[in-house]
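A single chain, nothing else alongside it, follows as structure tokens in the form predicted on its own.
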Amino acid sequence: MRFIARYAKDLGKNFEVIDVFDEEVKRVVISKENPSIKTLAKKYPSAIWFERKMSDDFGIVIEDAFDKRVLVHQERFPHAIHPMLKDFKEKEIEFSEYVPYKYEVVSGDGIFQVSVGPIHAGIIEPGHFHFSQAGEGMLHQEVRHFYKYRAIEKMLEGKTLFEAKPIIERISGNESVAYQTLWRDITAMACGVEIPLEMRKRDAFLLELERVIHHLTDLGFIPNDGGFGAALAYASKLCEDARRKMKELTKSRFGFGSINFEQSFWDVESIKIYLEQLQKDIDFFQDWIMDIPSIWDRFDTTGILDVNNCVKYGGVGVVARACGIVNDRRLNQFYLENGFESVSEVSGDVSARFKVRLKEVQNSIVMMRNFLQTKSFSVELDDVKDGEYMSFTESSIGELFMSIDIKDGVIERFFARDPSFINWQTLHLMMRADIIADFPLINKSCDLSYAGNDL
């Protein structure tokens, strides 16, 4: 089974720990008097971040865990406070004494440490990367994020689904439509309504447009980090055109507020013209970029993620498909009937991740043409029914999972697992055969979300 997520709920006198796999969901109730549970990380290494977060949020002890350090608590966060407990109501907390974080390091003669972040040049969000170096060679890297613990899970408690939507759709800017798609699915389930085909097509079009925007950004920045800035200039122009099309259709460059239960009028003919031009532009880009040997000298064999390690850590999205793992939530009848074709490479390096994105843009154009339709729709929503609701979709980064518990008509527990929460944990496995100058290129080839990772 493939591990997807592990999270907890405060039930009053007890905790419930939920383990989500691709084939089943397992539940264990543990007493608050002895809040401990066995680790899953020995079999599923990526479970360790979920378990460390559970300990920080709820005070649950993870038995036999190989890493019991804090995750979302920073150096001056009072570790005795567990903010996801139902009885935690404080609006402010007093900082505690500074306690240094102990990074995983390799020691020995001639080995030294390099710290990158959490403050970066440019507009990158806070994230820390800690390297153990032997000269230029990277021996080990540890990723540390969670510098913007936004408390979104706590913030959404007590809100209605519609009050929560503006927050949910802004969790991660490059996955706004994907997060809204999950909100739509859960809202429909909670209201007991079926999503009409016209609405599914409209929303799938926007999700593919969001994917195109994200991939075009990467198709420019990855060669730029490999020393070929002309690709960034060209792809940035295409990305800007796509963002303007998103704003034309949704009134937001990021697609905020784009998923709702009514259809607004779209000028289908202008969209067809845009897609025809995008096809020509991406065909030119592909012919151009594939014929530059210096780019592929830089990409090939750099940042390799072995397929066995990808499976072991449960990698998703482009990162997984570049290793030959066909893992895509669009593998269903609806998408297959509208032109979806599974894309993969096998080398697991920067080159493979770049090629997967290039092919996915081509396939997204095909699907977007098929998703276009002129029929209008309006869905009448019944009252929200209490219950636990889960949904999945394929964001531009990979498999996105969301669970919402409704009690008395409002959110009792909100949980989302961004694909980045999994894939960030695979990044250190890509570094061991490369030099530190390759890190920006390898990191960009994965292009993971800091914000989606850091709820």
Partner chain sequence: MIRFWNKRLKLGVLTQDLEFDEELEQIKKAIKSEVNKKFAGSLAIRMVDSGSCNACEAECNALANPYYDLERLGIYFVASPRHADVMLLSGVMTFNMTPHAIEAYKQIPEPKWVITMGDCPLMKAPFEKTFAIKAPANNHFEVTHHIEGCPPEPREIIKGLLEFLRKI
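Positions refer to the first chain, counted from 1. In this text the structure is predicted, and so the values were computed from the model without any measurement.
If you look for the form predicted together with its partner chain, you will not find it shown, but the lines that follow are about it.
- For its partner chain in the model of the complex, the listed stretch (139-147, 338-346, 181-189, 377-385) containing residues with heavy atoms inside 4.5 Å is 139-147.
- Out of the listed residues 79, 159, 312, 369, 159 is the one that sits within 4.5 Å of its partner chain in the model of the complex by at least one heavy atom.
- Taking 120, 86, 272, 200 one by one, only a single residue has any non-hydrogen atom within 4.5 Å of its partner chain in the model of the complex, and it is 120.
- For residue 172, a non-hydrogen atom is located within 4.5 Å of its partner chain in the model of the complex, even though that partner is not displayed.
- For residue 279, no non-hydrogen atom is located within 4.5 Å of its partner chain in the model of the complex, even though that partner is not displayed.
- When its partner chain is considered in the model of the complex, residue 243 lines it closely, a heavy atom lying within 4.5 Å.
- Contact annotation for residue 109: none of its heavy atoms lies within 4.5 Å of its partner chain in the model of the complex.
- Taking a 4.5 Å heavy atom cutoff to its partner chain in the model of the complex, the contacting residues in 79-95 are 83, 88, 90, 91, 92, 93, 94, 95.
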